[in-house]
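Before any questions on binding or motion, here is one chain by itself as structure tokens, the form predicted alone.
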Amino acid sequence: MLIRGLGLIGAPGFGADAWEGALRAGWRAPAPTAAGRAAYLVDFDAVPDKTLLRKLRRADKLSKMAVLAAAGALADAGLEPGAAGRVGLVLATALGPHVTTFEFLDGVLDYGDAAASPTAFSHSVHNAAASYVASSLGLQGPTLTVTRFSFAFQEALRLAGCWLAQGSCDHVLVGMAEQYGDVLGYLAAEKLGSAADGRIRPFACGGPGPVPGEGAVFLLLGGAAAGASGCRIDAVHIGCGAPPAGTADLLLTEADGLLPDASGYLPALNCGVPVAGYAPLAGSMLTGGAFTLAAGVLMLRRQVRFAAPVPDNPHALPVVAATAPARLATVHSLALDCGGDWAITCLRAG
């Protein structure tokens, strides 16, 4: 699948350029929330063009992030909304609009069923964000939301590949969106033990814990001609047992502190291939591997390896220590879940 465009919004800012800037600049401390907990939060004030945001004034934050990232992917491919032919949409999310859902339930508890907000109710369903993307960008293809805790984004990529192979659409916008909320912050701090200094350590393979984040990432896939990204998705593999040994030029870990025991990563990461992990720049999210994959896309575009932002390396892994030009043909992104299953997304230049 050709990657024709990349769009995203996260704590580092809006757009692929902001993400590349963060990859080059390295780790920065997350912002404190109103409850005093650390989190990687999206700031809409950093979006240079507020046109879409003004049209989305009734939407919740999850939907706004999804629309902005999807629009960014179209713009990166040089396409205007509504002018890209038959465009399908697959949105992956683990927790969906949980903040809006809790707001609606609070309204029921405070005011009763009859006085609860109908707007909050309509935005509390998992498909609301996808509906906003499709309607805001004038998409003419099939639309689906994939919701699961493990590998939702990888499953969305595989579904997009099926649609393109079947000719169901000319392009597919595939993305993820997750939002931070106070309940999520509480669970991360009290149940998972958030990292006290705000640093996610991808190579520790267990502890000191996650730092929640939020954001959205979209890829525009398909098309008959190569796009600006200069790379493609060769395959997405999902399996169980020990992950296969990597044969790529660079191996990315999606470890973000959410697994109490991430030692399953060690055999795959200690195979002599340079490794890196970029979760410390975006935060811990169940579908946050999309940010890591976006880093892989940019590295294949630029032919450069970005240094790991938090290089703590207690297991003596071959971690990328400095940003430097590199000849990269293949980049693989590896994720594990709490059941020991794994997913590998394979990127290739060209």
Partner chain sequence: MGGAAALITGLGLISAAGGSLPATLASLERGERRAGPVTLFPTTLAVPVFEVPALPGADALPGQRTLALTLAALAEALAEARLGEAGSLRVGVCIGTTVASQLNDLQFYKRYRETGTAPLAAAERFLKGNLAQCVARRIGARGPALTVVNACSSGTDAVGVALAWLKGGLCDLVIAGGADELSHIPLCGFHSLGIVNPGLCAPFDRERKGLNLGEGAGLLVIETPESARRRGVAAELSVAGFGAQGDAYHLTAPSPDGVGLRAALRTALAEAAITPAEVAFVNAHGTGTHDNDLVEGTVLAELFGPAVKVLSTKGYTGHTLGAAGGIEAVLTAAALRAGWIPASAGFACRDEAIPLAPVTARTPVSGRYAVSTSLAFGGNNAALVIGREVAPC
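Numbering follows the first chain given and starts at 1. Remember, it's a predicted structure, so these values are computed and weren't measured experimentally.
Note that the form predicted together with the partner chain isn't included here; everything after this is about it.
*Asks:* Tell me, please, which stretch of 119-127, 259-267, 274-282, 197-205 lies within 4.5 angstroms of the partner chain in the model of the complex when heavy atoms are compared?
*Replies:* In short, 119-127.
*Asks:* Taking the partner chain in the model of the complex as the reference, which of L159, L74, L250, C231 has a non-hydrogen atom within 4.5 Å?
*Replies:* Only one option qualifies, and that one is L159.
*Asks:* Taking any heavy atom pair closer than or equal to 4.5 Å as contact, tell me whether D170 reaches the partner chain in the model of the complex.
*Replies:* D170 lies outside the contact set for the partner chain.
*Asks:* Counting only non-hydrogen atoms and a 4.5 angstroms cut-off, does G239 reach the partner chain in the model of the complex?
*Replies:* Within the cut-off, so yes.
*Asks:* Is it the case that A235, even though its partner is missing from this view, gets within 4.5 Å of the partner chain in the model of the complex, heavy atoms only?
*Replies:* Contact with the partner chain, no.
*Asks:* If you check in the model of the complex, is P81 within 4.5 Å of the partner chain, heavy atoms only?
*Replies:* No, P81 stays farther than 4.5 Å from the partner chain in the model of the complex.
*Asks:* Taking the partner chain in the model of the complex, which residues along 102-118 bring a heavy atom to within 4.5 Å of it?
*Replies:* Heavy-atom contacts within 4.5 Å come from F102, F104, L105, D106, V108, L109, D110, D113, A114, A116, S117, P118.
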